[in-house]
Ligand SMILES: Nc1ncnc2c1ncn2[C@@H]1O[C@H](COP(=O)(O)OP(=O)(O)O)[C@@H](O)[C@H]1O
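Take a look at this one chain, the form predicted alone, written out in structure tokens.
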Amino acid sequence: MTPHGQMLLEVRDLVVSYPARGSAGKPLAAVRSVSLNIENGSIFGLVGESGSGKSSLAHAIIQLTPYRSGQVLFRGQDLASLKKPQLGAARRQMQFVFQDSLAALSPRRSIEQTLLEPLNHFRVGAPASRAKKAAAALETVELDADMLHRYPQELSGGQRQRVALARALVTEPELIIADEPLSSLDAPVQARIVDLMLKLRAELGIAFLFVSHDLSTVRRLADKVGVMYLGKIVESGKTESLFQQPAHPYTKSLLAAVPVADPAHPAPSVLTGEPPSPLTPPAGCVFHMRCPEKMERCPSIEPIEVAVGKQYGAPENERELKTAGHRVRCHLWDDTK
């Protein structure tokens, strides 16, 4: 394992696009020059509305979806430049948990067969020891060994998602990418899965890229957060800095839409309008068509990424502590307005 605090994953200016229908069609730009870093043992939360490009980014990082340009570096190695044996070794250390556990788990395989499949594929340990590793992975996600001989359709949604997590864990990875893993579960089951992920991070040192539209869960789980809109990360930073002092109007709108169990708290405010099509992204700021704080320059000039800090007016040392690493793409924060 990489020592705690060292860089594990670096994504640099990643671009993902899909061919449009018809030979003359314009490609759909799903991810547009996105960069992010994940340190060993940390949890990065990626949030945004449906269609913002979160899943495309996650799939490209794990090499399930090709990317047009940019780099994905795992422990300093550019995955696109690795030969097949080295790429296989990297993939063993980067595992994926899908949104729909029922679709992700074969109904024809028992839970034991499901857990043995990655062990056999990556040739982890001696063949005689793999059954014990499968049972141990199931125990790690707090499921009894008697489930090994059951099938996915015999389990509850929460149990299936734990099995999916066990399948990711069985190769002893350094990074797990979880794409909306809680969206099909009810609130109490979600809470228990979040507790389990935090436990795995604490006990095993596993890092997570956690993709979700649920800001409350991300706030509880993540160390850092990236807010994605129409293929771009428009704001990123340490979780409490971003949630307590959101800088981008889109982030503010997402937070305003989160219900709070307090009668004195203002009612949730729903963001109006629909995101533009990624086939025809707007010029200038990607959010300007829905932005309540739009300025004259926003429709024509794309904002650059800048650090957040001075505008809060806090004492210098307190401001630096709260906003270290907090960055935003918005003309409200540049120095030329």
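Start at 1 with the first residue shown and count on from there. Note that the coordinates shown come from a computational prediction; the quantities given were computed from them, not determined experimentally.
What comes next is about the form predicted together with the ligand, which is not displayed.
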For this session: Find the only residue in Gly45, Pro275, Gly41, Gly53 having a heavy atom within 4.5 Å of the ligand in the model of the complex.
Result: Gly53
For this session: Check whether Glu49 has any heavy atom within 4.5 Å of a heavy atom of the ligand in the model of the complex, and answer yes or no.
Result: yes
Exercise. Taking heavy atoms only, is Val34 within 4.5 angstroms of the ligand in the model of the complex?
Worked result: no
Problem set entry | Close approach of Ala307 to the ligand in the model of the complex, 4.5 Å, heavy atom | no
Exercise. Any of the heavy atoms of Leu28 lying within 4.5 Å of the ligand in the model of the complex?
Worked result: yes
